[in-house]
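Considered here are two forms of the same protein chain, supplied as C-alpha cells in two stand-alone entries, structure 1 and structure 2.
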Structure 1
C-alpha cells in the first residue's frame, strides 16, 4: 500500500511542480485572450450582462476617427522608430566593438537609458522638450553658431581630402576616414575657424531664442511631407524611444559581431577592400539574421507603445499622440463615460493580430533557417 502511494507521488511529481504555472497561465493569459475575443463580439460595459452584437464593434472601430488616428500613429511610429533604431544600433555596435582599454565602461554607459523606467525617461524628456527647455536652447545655439560650424566643416573636408589625396598620389594605401588624418584635419579646422573668428571675418549670429512648442501643439512635421507628415509631439516621442532602445539592440549586434570569423575580414583586406567596403560586404551580410531579429523585435515593441503617451497625457493633444495600446486603455476606462469593453476588446484584437503576424513571420523565417542548417 505504502509502495503504491510512493509510486503515485513520484509519478505525479512533475505535474504538481508544473501546476502553479499552468493555472496562472490559463487564467491570466489563456482565459484572458479568449475573453477578449468573446467581448469583442458583445456590448459589455463592465456592469450589465454582455449581449452578442456580431461584428458591429469592428465596424464601429473603423468608422471612428480616434481609432483611425491611433492606427496611423502606431504604424508610422513603428516603421520610423524601427528603421532608425536598427541603423543606430548597428553603427553603435561597430563603434563599441573596438578592442581598447575601458571599452567596458563605455558599453555600460551607453546601456544606461535601457535599464531605467520609461516613466523616468519620459519625465526627463518632457522637461527637455519644454518651450524654454534644453532642446530649444541647443537649437538656438546651433542657429547662432551656424556660420562658424559651416566654416569649420568646409575646412575640415578640404583638409581631409587634401591629406588623403596626397597619400594616394604617393601610391600609399589609405582610407577616406583614416582616423589620424581625421584628428589632424579637425585640429586644423578648429585653428582656422578660431583665427577667422578673432580676425572678425565671421561672427556669431544674433538670433531670437527658439521657442518651438514640441508637445502641446497640433502641428505636423516634416512640413514638406503633406499628408504623410506626422504630429510633432509624436516626433518627440519617436526621438525619445529611438534613444532608449538603440542600446538594447546594440547588445544583440555586439554579440553577433563577435561571432563573425576574423578570416573573412582578412580575406577582404587581401582583396584590397576599404573600411567602408568591409562594413558593407562583410559585416552587414554576416549580421543578416540578427538584423532580422532586431527588426521584428523592434516592430513588436514599438507597436505596443503605451507608457510614453500615458505620461505625456494632457501635455499634448490626445489625437496627435494616441496609439493603439493607449486607445484600448482609454476606451476601457474613459474619463467621463461608460466603459466600452466591446470596442476596447476589438481594438485590442487588432493590436494582437498585428503582433501575431510579425511573430508568425519571424517563426517561419527562423524556423526555415534552422531546418536548412540542420
Structure 2
C-alpha cells in the first residue's frame, strides 16, 4: 500500500506543479481564443448584442485597402528583419567568441539595446530620424567623404590581396584575413589616402545637407524595387528592430558556439581549410539547430510586431507603418469611431493562421532536413 501511495505521488506531482500554469493558460489564452473565434463570425461593437454574420468579416477584410497594406507590410517586415537579424546575430556572435582581453565588456555593450525599454529606444529613434536629425547628418558626412572612403577601401583591398598572394606564392599557409596583414593594409591605406588628399588629388566633396523625410511620408524605398518597394517609415522601424534584436539572438549563437568541439576546427586546419571555409563548413552546420530556433522566434515576433508602430503612429501616415497586429488594435479601439470587434477578431485569426503557416513552412524547409541528417 505504501509503495502504491508513493507511486501515485510521483505520478501526480508533475500535474500538480503544472496546474497553476494550465489554469492561467486556459483563462487568458484558451477562453480568449474561443471568444475571438466567436466574435469573428459576428457584428459586435462592445455594447450591442453580437449579431451572427457568418464569413462576412473575413470577406470584408480582403476587400479593405488598409488590411491589404497591413498584410503586405507585415510580410515584408518579417522577411527582411528576420533575415538581417539572423545573419547579423551569427556574425556578431562569431566575432565576440574570440578569446581576447576585454571581450566581456564588448559582449555586455552589444547586449545593452536588448535590455533597454523598447519605448525609450523608439522615442530616441524618432528623434534620430527627424529631418535635421542625426541619421541625415551622418548620411551627409558620408556623402561628403565618400571619395576618400572609396579610395581608402580600394587601396586596403589591393594591399591585403597582394600581401596574401605573396605568401600563397611562397606556399605558406595564410588566411585572407591574416590579422597582421590587415593592420598593415589599414595603415598603408590610411597613409596613401592622406597623401592623395594632401596633394590635392582627392578632396572632400561639397554637398547639400540631406533632409530626407523618414517618418512623415508615404514614399517607398528602394526606388528600383517597383511593386516590391516598401514605405520609408517602415524601413526606419526595420532598422530600429534589427538593431535591438540582434543582441538577443547573438546570445543564443554564442551559447551554441561554446558547444562546437575544437577538434572539428583543428581537423579542418589540418585539411588546409581557410577561415571562411571553417565558418561555412564547420560553424554554420554545427549551429543549424540554433538557426532554426532563431528564425522561428524571429518570424513569430516580427509578424506580431506592435509596440514600435504604436509609438511612432502619430509621426507617420498610418498606411505606411501599419502591421496586422496594429490593424487589430486600431480596429478594436478606434479613436473616434465605433469599435468593429468582429473585423478585429477576424484579422487576429488571420494573423494567427499566417504565423502558423509560415512557421510550419520554415520547419519543413529546415527542421525535417535537420532531423533526417541526424
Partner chain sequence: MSELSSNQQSQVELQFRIRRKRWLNVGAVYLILILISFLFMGPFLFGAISSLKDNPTEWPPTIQTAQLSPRNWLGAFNLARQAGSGGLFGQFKAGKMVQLKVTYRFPAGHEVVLPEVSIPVRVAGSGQAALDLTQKYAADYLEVSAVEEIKRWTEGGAIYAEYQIMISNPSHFNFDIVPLNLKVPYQVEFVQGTLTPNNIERLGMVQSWKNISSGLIPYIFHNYDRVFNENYSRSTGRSLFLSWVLNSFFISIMRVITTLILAAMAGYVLARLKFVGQKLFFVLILFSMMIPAQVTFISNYLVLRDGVFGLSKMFGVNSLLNTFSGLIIQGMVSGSAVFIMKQFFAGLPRSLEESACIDGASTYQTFFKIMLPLAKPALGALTILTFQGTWNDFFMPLVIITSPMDKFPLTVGLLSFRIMYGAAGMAWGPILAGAIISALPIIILFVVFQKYFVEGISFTGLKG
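These numbers come from a predicted model, not from an experiment. Rigid core here is just the name for the largest C-alpha set that superposes within 1.5 Å across the two forms. Numbering follows the first chain given and starts at 1.
Asks: Two copies of the same chain, shown separately. Which of them is the form predicted together with its partner chain?
Replies: Of the two, structure 1 is the form predicted together with its partner chain.
Asks: After fitting the core, how far does the CA of residue 354 move between the two structures, in Å?
Replies: Between its two positions, the C-alpha of residue 354 lies 2.3 Å apart after core fitting.
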